[in-house]
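In the block that follows, a single chain appears as structure tokens, in the form predicted alone.
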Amino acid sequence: MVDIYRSRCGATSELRERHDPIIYGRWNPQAPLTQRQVEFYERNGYLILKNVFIDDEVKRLQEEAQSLIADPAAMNQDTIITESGGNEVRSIFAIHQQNTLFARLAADQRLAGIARFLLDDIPYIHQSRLNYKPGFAGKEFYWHSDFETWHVEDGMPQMRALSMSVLLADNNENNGPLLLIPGSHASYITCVGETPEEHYRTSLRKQEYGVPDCDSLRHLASMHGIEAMTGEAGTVVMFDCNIMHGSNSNITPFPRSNAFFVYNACSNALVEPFGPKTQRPAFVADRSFEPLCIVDGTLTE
């Protein structure tokens, strides 16, 4: 397979053109998004959806997330990622495979139905996790494009994937919300530095390879600006696999958390990695995937 998104193999970073569509489905009146929402997503690479879940659903998700962090020993220990230099839980991966409620959330029509429309294909979960950013101790996520990592380290062929973050706590400008550079999904930044084998063991705590150079970031931010993805618990933030994003550390007393699902098109299933020869483990990049059976109804039924 010809690699049109080569990265981590040159001495300098390059800003390249995106070769894949942003939206694969064609809008129609029965689509799960309005035409204006689709146009906004195509132009900016993200969309914030409010009031997606009712209060009882949000409360149930919050209680389940708190019970999991209160007893992480009950989870597969390989999937628990702690903060760099600390013992605080940063993420619990493969959450849709370890918890019935979050499996149901991943397959929910209000999320997976939108993914199916935008990808114009049956989606599967490439990766899922609960992200925690505790008060005072939650560390930053440095700027990166998810696709660059998924392509190089996992073998994702095309930009035919997207992420959905269900906010489980209020996210405001102060407690380390997700930051996006709108419009950056239309460009592809190559990164420098050959990827070490088993890079995931350190990158899930702090990523040092697969991060863009400062000049490219400065160029994108000057062109497009930076937007903070804020909202009340229950808000859904969806964004293209190639958009540049990151977040600051949380030095406030107010924790934030989210359920995070990556939807990849079945036709875009992983091949051999384009970088390191060693495949990342299944809890980071699922290769024995199952197409989602999308479910309608509320989470409390």
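Numbering starts at 1 and follows the sequence shown. Please read these numbers as outputs of a predicted model, since none were measured by experiment.
Not pictured, yet referred to below: the form predicted in complex with a further copy of the same chain.
Note on contacts: among 247, 258, 242, 44, the single residue with a heavy atom within 4.5 Å of a further copy of the same chain in the predicted bound form is 247. Residue in contact with a further copy of the same chain in the predicted bound form (any heavy atom within 4.5 Å), chosen from 120, 78, 140, 194: 140.
Annotation: in the predicted bound form, residues 218, 222 and 251 each come within 4.5 Å of a further copy of the same chain through at least one heavy atom.
The candidate stretches are 100 to 108, 132 to 140, 70 to 78, 153 to 161, and the one lying within 4.5 Å of a further copy of the same chain in the predicted bound form by heavy atoms is 132 to 140. Although the partner is absent here, residue 82 sits far enough away that none of its heavy atoms falls within 4.5 Å of a further copy of the same chain in the predicted bound form.
a further copy of the same chain is not drawn, but in the predicted bound form it has no heavy atom within 4.5 Å of residue 186. Using a 4.5 angstroms threshold between heavy atoms, residue 179 counts as touching a further copy of the same chain in the predicted bound form. In the predicted bound form, a further copy of the same chain sits within 4.5 Å of a heavy atom of residue 226.
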